[in-house]
Ligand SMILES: CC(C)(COP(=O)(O)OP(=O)(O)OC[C@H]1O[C@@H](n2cnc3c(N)ncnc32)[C@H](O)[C@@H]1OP(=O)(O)O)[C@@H](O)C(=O)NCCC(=O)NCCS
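Encoded as structure tokens, the following chain is the form predicted alone, with no partner shown.
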Amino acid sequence: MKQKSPRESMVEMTELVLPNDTNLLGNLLGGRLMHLVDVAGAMAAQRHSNRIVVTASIDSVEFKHPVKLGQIVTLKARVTWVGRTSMEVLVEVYSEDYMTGEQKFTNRAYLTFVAVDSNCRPTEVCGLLLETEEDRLEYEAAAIRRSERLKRREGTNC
């Protein structure tokens, strides 16, 4: 099976924040943002695996700055780690005030997706080709996050 680089899985998704997407303070709803993060992450995982994928976990989401009504929100997703059937995807979120051109890094999330076949059974995916030092550092950090996820999962069984 051919390997693919994180660059080959990269997805960039852009949305305009509309009134229906916001809370009473005029900020993008956290749940709406999580929906966009999940969609962008799934597209990157699908692009890497050429398979349908399902969300297995969301490790962490950091909210650094709110995204305001009327701003443009851009999500950048790429695969950071690959196992036999699962993939970790990093999604970074940026806001842009189109009136001033100011852009801000607002959020980061790590998600795990599992590739499935037509019967919804996990299926193998191609490996990850690490091309840059950033790719290698992200891969090493992802392996640590995976180990922590597995420890937490083992701790929940009775």
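Note that residue numbering begins at 1 and tracks the sequence as displayed. Every value quoted in this text rests on a predicted model; they were computed, and no experiment measured them.
In what follows, reference is made to the form predicted in complex with the named molecule, a form of this protein that is not presented.
Across the proposed site, Thr85, Thr112 and Arg146 without exception bring a heavy atom within 4.5 Å of the named molecule in the predicted complex.
Only one segment in the set 56-64, 27-35, 89-97, 126-134 has any non-hydrogen atom within 4.5 angstroms of the named molecule in the predicted complex, and it is 56-64. Heavy atoms of Pro122 reach within 4.5 Å of the named molecule in the predicted complex, making it an interface residue. In the predicted complex, the named molecule sits within 4.5 Å of a heavy atom of Val116. Proximity of Leu150 to the named molecule in the predicted complex: non-hydrogen atoms within 4.5 Å are present.
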